[in-house]
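Shown below, as structure tokens, is a lone chain in the form predicted alone; questions about how it binds or moves come after it.
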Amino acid sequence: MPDRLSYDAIVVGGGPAGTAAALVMARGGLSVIQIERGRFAGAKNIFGGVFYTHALADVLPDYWERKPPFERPVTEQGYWMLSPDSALRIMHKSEQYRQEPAGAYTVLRARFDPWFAAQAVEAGALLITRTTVTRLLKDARGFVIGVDTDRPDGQVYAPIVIIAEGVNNLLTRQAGLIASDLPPRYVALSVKEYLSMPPKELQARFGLAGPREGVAIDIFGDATLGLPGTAFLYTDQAGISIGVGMLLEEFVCHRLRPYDVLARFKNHPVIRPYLEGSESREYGAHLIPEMGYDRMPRLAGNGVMVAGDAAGMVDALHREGTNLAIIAGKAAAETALAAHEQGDFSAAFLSRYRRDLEASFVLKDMKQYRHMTDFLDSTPGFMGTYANLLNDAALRYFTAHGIPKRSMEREIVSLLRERRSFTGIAWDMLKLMRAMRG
């Protein structure tokens, strides 16, 4: 019988969580194999586009010298509240955003993920692409001891497996870390398009002084037909990332097709002028877990840990996901290193991984916003009602010429009463504050 293929650790997935784990373990002296089913790391990965550099600095302190393929630093960011024909804009621009390296950049995953994976390979990890992990291998005790793949004789063994498979949590379920697949109520679908445009034209439209400036805008209200969800508009080096995201439940219940929702958003009178003359270069959709803190899977079992989207590590309110994934991948890797030192791969020992995350911003933030999905589910008209109300009130305020201002104020109050009673507004705000306090 030929010798079986064995490593100190196996990582499943080539996204930020998996690559961070592979990098840290390889740098710590473990033999690591990272298995990715795409043609290359990032081939199947899509996200809105804002990347926070603090997480990268945690695993690669010298990342700036390694020339990461960032697009533009985010030097202006904020929110637009969209009604059918208007937008109320809340934007923030600061000289502090212009420091280099900046705290946030726009990123295209098809460029960033291969670069990040190359850093893990340089540290000593073996990256295998075009390979799908089909099942976990377990011993008689129930410990995970490796994986099986779709390659001939494709079994690979290791005393520790880190699952970073994304929202399609087949292996997470096999490991017994979560009981079932997520229902549509707790999964969002984001559809994104990348539109190319000459940099000078892009900069003129968004009021950017040059290539070292960029804008990140999150958009609510009519962008998603007033339903719970968000849209986004981010500037890249020579193009725009634009997209919409809503819970699967909303698409199903309202019989909406994702590409129709995006097309409608792109045709909005406020949005359309920013896109004129651009060319579509990339189009895709991606599932995002929005299960919240209370529905996360167990993060560790015997011989196995789970990180990133597979563990539901997404903070949609603050457009955070990749940074949570990288910090979680690092924490899982550090636990794996400690497990090798102790020779203990039991769930009890690996539970230190969750304790480390509980002490970090990752699970502290997830715990704080644990009820946000439930709030939006119980207040389905929240986005549309208040976006329309704010725009209509602003229109009255800024066009109150030649009439007594008290009449204008009364008209605005009347708008409030027509759309939502004062009691209803107070109750909505109370529910929102409760949801944000955890």
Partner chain sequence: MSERQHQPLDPAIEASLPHVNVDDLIVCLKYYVDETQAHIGIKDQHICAECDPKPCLAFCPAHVFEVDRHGHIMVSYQACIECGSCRIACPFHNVEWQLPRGGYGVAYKYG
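Please read all numbers here as calculations on a predicted model, not as lab measurements. Positions refer to the first chain, counted from 1.
Absent from the display: the form predicted in complex with its partner chain. The rest refers to it.
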| remark: From 174, 155, 368, 168: within 4.5 Å of its partner chain in the predicted bound form by heavy atoms is 168
| message | I need to confirm a contact call. Of 254, 200, 272, 141, which residue comes within 4.5 Å of its partner chain in the predicted bound form, counting heavy atoms only? | response | 254
| request: Report yes if any heavy atom of residue 124 sits within 4.5 Å of a heavy atom of its partner chain in the predicted bound form; otherwise report no. | output: no
| request: Give a yes/no on whether residue 406 approaches its partner chain to within 4.5 Å in the predicted bound form, heavy atoms considered. | output: no
| said: I'd like to know whether residue 317 contacts its partner chain in the predicted bound form, with contact meaning heavy atoms within 4.5 angstroms. | reply: no
| request: Evaluate residue 45 for contact with its partner chain in the predicted bound form, applying a 4.5 angstroms cut-off between non-hydrogen atoms, and reply yes or no. | output: yes
| 333-341, 210-218, 125-133, 305-313: which one contacts its partner chain in the predicted bound form at 4.5 Å, heavy atom to heavy atom? | 125-133
| query | Which residues from 97-111 come close to its partner chain in the predicted bound form, meaning a heavy atom within 4.5 Å? | reply | 108, 109, 110, 111
